[in-house]
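Only one chain is shown below, in structure tokens, and it's the form predicted on its own.
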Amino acid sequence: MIQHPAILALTIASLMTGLMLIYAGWYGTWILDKWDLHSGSELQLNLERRTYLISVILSYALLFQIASLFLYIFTADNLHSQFTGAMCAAGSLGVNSFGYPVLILKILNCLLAGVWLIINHVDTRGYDYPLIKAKYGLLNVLVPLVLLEVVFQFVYFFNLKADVITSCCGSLFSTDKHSIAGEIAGLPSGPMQAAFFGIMAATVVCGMVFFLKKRGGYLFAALSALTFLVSSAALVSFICLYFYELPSHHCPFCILQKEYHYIGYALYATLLGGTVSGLGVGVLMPFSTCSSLSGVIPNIQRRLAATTLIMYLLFTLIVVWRMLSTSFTLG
């Protein structure tokens, strides 16, 4: 099964991304150790030229890293017909013990990659490389995580066996199952609806305050992260039920399929996009006093806050539209 075109594409591209990150991480560590902007030495000039090359390499590599999350889920969903018992990506990912860890790593790396791209974009706007330490410090965290993901992904794909009987999503996300997925699916819909709409409202209000008055950046970033966690749980707990119109179908993967108009991709893209932008606001807060970026960071933060608000409102509108357009109701 390793010869499947989508699997080959993901494996080769992930390997190339990993190699580029190793190269960037190696020189990034060197830059962190030897960087001295006040020096006119040949070494410093070489490091300054090198950082431009690394930024270009990482921009492409991390953009693919973000896209690979959706390609991985799409591939897992496309493969479900190869396994007995699987109805969607949930079954494919459960074929062996590496499927879901890879998914978790990809989500985490997607968020970190997005934040790194924001920091890098801001750093290139300053004449004195003000975020160079923060940029390569985050890179040192991101590199081992991406390499671990590459290894786990290869092991997952290499050990896919067509003769394996796997569990269907109805079993994996059953309220009777004693697992993390089962516990989330079993969360009561009433309190979860209150938590979801409450945290969304709080994040939107905080975002508007920051956009208009430039106050509460750290709080807005924290609420954005909390919104991601609560919304993810809400998807499993009650949101998916309105799309399936079934009170017991809590799978977060079936909404990625054609019969549901691939609406899951829109939900996940807006949720992730809003979270990355919201985190970006908080990450940039400590650097807002940099002299070379004093006129740059506030404008970028306002655009990031606006992006978060738009993304989260789109996510909420999709949910509310479905809740109002279906005759299905939860007691």
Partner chain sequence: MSTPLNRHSNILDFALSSLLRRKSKNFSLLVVYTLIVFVIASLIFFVQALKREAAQILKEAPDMVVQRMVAGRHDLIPVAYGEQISAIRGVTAVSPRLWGYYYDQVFGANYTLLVPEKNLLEPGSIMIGPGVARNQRIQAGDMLALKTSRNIPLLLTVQDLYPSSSELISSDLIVLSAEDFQTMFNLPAGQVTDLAVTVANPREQVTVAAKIAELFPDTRPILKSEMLRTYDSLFEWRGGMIVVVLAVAVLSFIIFAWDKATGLSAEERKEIGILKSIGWETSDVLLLKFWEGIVVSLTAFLVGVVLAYGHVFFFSAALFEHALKGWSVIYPQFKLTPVIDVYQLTVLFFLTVLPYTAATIIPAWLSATVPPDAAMRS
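All of these numbers come straight from a predicted model, not from anything done at the bench. Positions refer to the first chain, counted from 1. In this text, rigid core is short for the largest set of C-alphas that superpose within 1.5 Å between two forms.
The same protein also exists as the form predicted in complex with the partner chain; that form is not shown, yet it is the one meant from here on.
The partner chain is not drawn, but in the predicted complex it has no heavy atom within 4.5 Å of R302. W26 falls outside the set of residues with a heavy atom inside 4.5 Å of the partner chain in the predicted complex. Mapping the unseen interface onto this chain, F74 counts among the residues with a heavy atom inside 4.5 Å of the partner chain in the predicted complex. Proximity of L317 to the partner chain in the predicted complex: non-hydrogen atoms within 4.5 Å are absent; the residue sits far from the partner. Annotation: in the predicted complex, residues N109, L117 and F157 none come within 4.5 Å of the partner chain through any heavy atom. Along 47 to 62, these residues reach a heavy atom to within 4.5 Å of the partner chain in the predicted complex: R49, R50, Y52, L53, V56, I57, Y60. Relative to the superposed core, N299 undergoes a Cα shift smaller than 2 Å between this form and the one not shown.
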